[in-house]
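Only one chain is included here, represented as structure tokens and corresponding to the form predicted on its own.
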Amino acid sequence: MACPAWADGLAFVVNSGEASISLLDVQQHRELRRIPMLREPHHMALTPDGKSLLIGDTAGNTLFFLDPHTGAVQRQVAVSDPYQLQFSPDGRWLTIAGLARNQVDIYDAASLKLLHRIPLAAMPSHMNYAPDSGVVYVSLQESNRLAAIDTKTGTVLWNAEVGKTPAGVLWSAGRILVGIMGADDIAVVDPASGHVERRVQTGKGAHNLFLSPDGRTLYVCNRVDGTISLLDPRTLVVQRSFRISGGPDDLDFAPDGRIWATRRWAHSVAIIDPATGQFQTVEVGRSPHGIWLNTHEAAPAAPRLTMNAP
């Protein structure tokens, strides 16, 4: 979700291996402090009204609400296995993938009322929505499949094999792109049927996919290979790659054009110059996973919602 352009300049990094959030100064490239979680946080999502940053502590079965300006903990809500979480583009739904419990939960985003619990085997991990918010696509890492779920009814529309250990999911130019972590490619999937139309080689352990703010570059983090591939989002031709050791995982984009990427196995964040591929690092906690910067320019906002505990 887009958010206001805040002057704070903070990067939030989820340290899955030590149950904490590292708060970094975006301008000075240094860690300011760590915020304790419970057991094993992984991912985060900004509420549609921009007032809270949700952190999912999957083993702690808890959603943390943080102030996106300061990192202050606003409140905690008990939620089952919040591994991956994402709000729909229209701000109506909050979908949570429960990787350990093999379930996908769809909540009303305003009230956090659970609307649908969909059992999916096995290991639902990453997701993305269709632009109209009508369908959410969820990768199932252990069963090598991708599932399409109707967000309004919770109905599974299709569940198709896409490749060994699928991870990141991205809607792009009317197609679903899936990082195939157990191979060296991304799968290009028909969103209507789940049919794999073709495969694009990027690097071993193709994990997650991100579109640049200007929409001109598609970044694929190849975690095992230790590279980030840059693709033309229209043709999916690989233009070049950066070598980023330490298992590049998630990334976000800073106002100065640099790319911030978590290095899952190196306990640090790489701050990358996209013109050269050179990077500097900032040490964080063990096994850094999700990352989010509160510096993005404002964009057409989803309906403003008031988040209430269930």
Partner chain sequence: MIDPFDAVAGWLQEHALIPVLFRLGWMQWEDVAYGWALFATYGVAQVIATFAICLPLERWRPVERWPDRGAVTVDVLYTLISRVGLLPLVTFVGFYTVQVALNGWLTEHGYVPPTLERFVPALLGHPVLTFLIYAAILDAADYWRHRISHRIGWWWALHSLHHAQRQMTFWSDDRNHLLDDLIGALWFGAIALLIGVPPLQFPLMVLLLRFLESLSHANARLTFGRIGERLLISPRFHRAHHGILAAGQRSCNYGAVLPWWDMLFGTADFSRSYAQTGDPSGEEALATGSYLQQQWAGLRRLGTTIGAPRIGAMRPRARTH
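Model, not experiment: these values are computed from the prediction. Numbering follows the first chain given and starts at 1.
Missing here is the form predicted together with the partner chain; even so, the following discussion is about that form.
Ser245 is the sole member of Ser241, Gln27, Ser245, Thr70 with a non-hydrogen atom within 4.5 Å of the partner chain in the predicted complex. None of Gln74, Ser80, Ser172, Ser193 but one reaches within 4.5 angstroms of the partner chain in the predicted complex through a heavy atom, and that residue is Ser80. Using a 4.5 angstroms threshold between heavy atoms, Asp273 stays clear of the partner chain in the predicted complex. In the predicted complex, the partner chain sits within 4.5 Å of a heavy atom of Gly60. Contact check for Val224: a non-hydrogen atom falls within 4.5 Å of the partner chain in the predicted complex. Among heavy atoms of Arg39, some come within 4.5 Å of the partner chain in the predicted complex. Stretch 203-211 is the contacting one of 145-153, 86-94, 203-211, 232-240, since its residues have non-hydrogen atoms within 4.5 Å of the partner chain in the predicted complex. For the stretch 152-191, the set of residues having any non-hydrogen atom within 4.5 angstroms of the partner chain in the predicted complex comprises Lys164, Thr165, Met181, Gly182, Ala183, in sequence order.
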